[in-house]
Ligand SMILES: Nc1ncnc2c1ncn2[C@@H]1O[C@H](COP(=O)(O)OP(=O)(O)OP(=O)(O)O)[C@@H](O)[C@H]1O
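There is one chain below, alone, in structure tokens, taken in the form predicted alone.
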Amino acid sequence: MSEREVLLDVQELSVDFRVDRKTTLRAVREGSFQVYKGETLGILGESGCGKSVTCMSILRLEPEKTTRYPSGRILFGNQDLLTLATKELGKIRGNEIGMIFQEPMTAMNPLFTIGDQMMEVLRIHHPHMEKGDAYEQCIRMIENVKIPNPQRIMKSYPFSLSGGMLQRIMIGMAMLNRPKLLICDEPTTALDVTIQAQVLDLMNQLKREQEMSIIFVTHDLGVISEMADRVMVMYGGRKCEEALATSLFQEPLHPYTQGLIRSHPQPGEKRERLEVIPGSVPALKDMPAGCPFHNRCPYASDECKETFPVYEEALPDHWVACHHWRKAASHG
């Protein structure tokens, strides 16, 4: 894996939110990961685990007035995105790095047609492009995302389209400038199962055709299994496990990952009731010391409550941060 070309390299990233003059909360703690060219990295975890904040921070989309990055670097090519001026970062947003949000209706302006908004994406990064050329590119992209009658769609307003069609439009808009990296923040959550499957197939097809990389954020293991080459599991603003998708599902090592998999129906399994992970993700202001999962973990020890475990390679290309795993491995 180390021989593959690294497209994005996030190093020791921490993200703080300022609540008021005296209170600052840490949402992401010393997060490090890489995205390789041509792969899909899945980021898995419950709501509140830091997935979306991590991805929004790549393009610095969190509110500038209340967000701080006390440590870390986000290397894209030879540039640290955390140090770029807003103007320089604007050349990368939507051009070299695209993003698809969870709710397409709130991500689009209801006062402008689909065509106006798609063409604006092109004109921002290609100001000298002829209007006719921009229109034709948008038509072709609507056809690529499998929506019929693209001329009518260009004249339509967002509220006149279904959620599934809008999500396809959002994918098309994100792909217009042929980005090297596409960040997808729970893009299929609001869709029914049939439309969700079509959208996932479409994204995989466009990924192959345009040779791009994807970061796919979700809490849905079924979606992760469909999309990801590699999976990073987050909890409490920290990375707790990372592996190839096949390895993660076959041999999950962290108790949190094990709990997530047991709570999801498995093909061929017959269980009257799915297991659940007791408790809930702590709020940022209530984040415990040590391993943030210890108050929900059946194997927690005093050590888990006091110190965050070392992140180590447990199996080939399979990394985990867990005191319980280390003790079990030393006795095994």
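Because the structure is predicted, anything quoted here is derived from the model rather than measured. We number the residues from 1 along the sequence you see.
The same protein has a further form, the form predicted together with the named molecule, not shown here; the description that follows concerns it.
The named molecule is not drawn, but in the predicted complex it has no heavy atom within 4.5 Å of residue 277.
Proximity of residue 49 to the named molecule in the predicted complex falls within the 4.5 Å heavy atom cutoff. Though the partner is left out of this view, residue 308 does not reach within 4.5 Å of the named molecule in the predicted complex, counting heavy atoms only. Taking the partner from elsewhere, residue 53 is found to have a heavy atom lying within 4.5 Å of the named molecule in the predicted complex. Shown here without the named molecule, the chain has 53, 62, 63 in 53-91 lying with a heavy atom within 4.5 Å of that partner in the predicted complex.
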